[in-house]
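What follows is a single chain, given as structure tokens, in the form predicted alone.
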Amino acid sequence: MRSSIVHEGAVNINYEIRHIVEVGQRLIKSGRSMTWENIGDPIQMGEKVAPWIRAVVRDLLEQEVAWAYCHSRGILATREFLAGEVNKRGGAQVTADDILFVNGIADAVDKIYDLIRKDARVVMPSPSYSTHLSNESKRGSYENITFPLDPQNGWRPDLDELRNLVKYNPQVVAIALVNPDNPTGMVYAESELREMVAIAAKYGLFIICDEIYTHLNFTGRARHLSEIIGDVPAIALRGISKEYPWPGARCGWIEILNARKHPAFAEYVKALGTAKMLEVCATTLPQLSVPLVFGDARYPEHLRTRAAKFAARAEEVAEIFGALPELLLPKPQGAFYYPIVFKDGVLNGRQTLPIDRAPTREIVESIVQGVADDKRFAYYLMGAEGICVTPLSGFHTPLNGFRLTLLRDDDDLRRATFRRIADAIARYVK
């Protein structure tokens, strides 16, 4: 072609959660079976949606409106319902016009970062969820600005580092976080959130808070950002993919907080709404279901039961892997992941696992050269045991480790898989 057509930031797009599937597919073609433990899809992992939620959706299919376009911002009645839910929490107050429906949280994240000025920056934690980090990275060819989450201190955030990063990087315009966090499962304490809000207020920033897992909290109710944001501008991201769960619905929304108090932020969120108009609208059917499901008296218990289930599975992981002294195992407090960290010096570029099938072994040996140490372990685990996990290095962190999911509903298979991974680690590091 007569000129380059790819944006310079495209090289920074990375989604290890899906990339490793491509490696797994190559190994399957070589004859290796595969157990997938890499992606946060409850349905693929065997969870059955509650019959009463299925009935709500089934009944909506009989309504003609479910088959039509809706308002570009989303169905008004649903937006009014969600605005009412935000306002009942106390704190920031919103209207239906402050709710914007999107085709899943990934759609929202893409738009949120794309509409930020190219030379402006968003600071976020490390490890960091790939969708946020890649969308920040693709806007330019520069190093990411991140503050660490400490696995030796329950993944608590280093807020002093965050404060310094904001202070000495005037190009930073926003702080982004996921609460509960992905991949760590850490839940931000109210005091930590308030400190982040104070930093944003002092330096004139806005906050992006991904709350897709907020109602899957093991230790009590996680605070919504709207409750403590004060007058600081912010965007909270919500959805139904992890709660119903209905990931295939691609139904999420943005809660815009304090837009009208900040003219520059108001201009920015106006652009978000305009960008959504270009897509006509988000999917109608799942939007119709939100007031009926969220407003049902059975829904709070539905959430409590699911959170308790994942908390119990986290205890399984802690018990099975706890005998390995090479690992750090801070327990998650929410979501449905368990990150496992190798202590410093445990991994190197020489360790292997025996792979019986020659074609599979040849593929693994051809792709482990020069990769991160935890990715090397993950590839050998796939080749030797047929188990796919996500390397922690794929979440923009210098830590070596991997992320397990707590989703598999088959109790025997889930526990057997955890034990096989633990046994493989013991053989790999000796």
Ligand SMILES: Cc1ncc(COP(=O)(O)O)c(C=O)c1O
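Just so it is clear, the model here is predicted, and its values are computed rather than measured. Numbers follow the displayed sequence, beginning with 1.
There is another form of this protein, the form predicted in complex with the ligand, and it is not shown here; the text below is about that form.
Check: Which single stretch, out of 302-310, 77-85, 138-146, 205-213, brings residue heavy atoms within 4.5 Å of the ligand in the predicted bound form?
Finding: Partner-contacting stretch among the options: 205-213.
Notebook entry, point to check: Of 287, 241, 226, 217, which residue is found within 4.5 angstroms of the ligand in the predicted bound form when only non-hydrogen atoms are counted?
Noted result: Result of the distance check: 241.
Note to self: Exactly one residue in 233, 245, 151, 104 has a non-hydrogen atom within 4.5 Å of the ligand in the predicted bound form; which is it?
What the structure shows: Exactly one residue meets the criterion: 104.
Check: With the partner left out of view, is residue 182 within 4.5 angstroms of the ligand in the predicted bound form by any non-hydrogen atom?
Finding: Yes - in the predicted bound form, heavy atoms of residue 182 and the ligand come within 4.5 Å of each other.
Note to self: When the contact criterion is heavy atoms within 4.5 Å, does residue 340 count as touching the ligand in the predicted bound form?
What the structure shows: No, residue 340 stays farther than 4.5 Å from the ligand in the predicted bound form.
Margin query: Just checking whether residue 188 would be counted as a contact of the ligand in the predicted bound form - the rule being heavy atoms within 4.5 angstroms.
Written below: No, no contact at 4.5 Å.
Margin query: Even though the partner isn't displayed, in the predicted bound form is residue 250 close enough to the ligand, meaning a heavy atom within 4.5 Å?
Written below: Output for residue 250 is yes: heavy atoms within 4.5 Å of the ligand.
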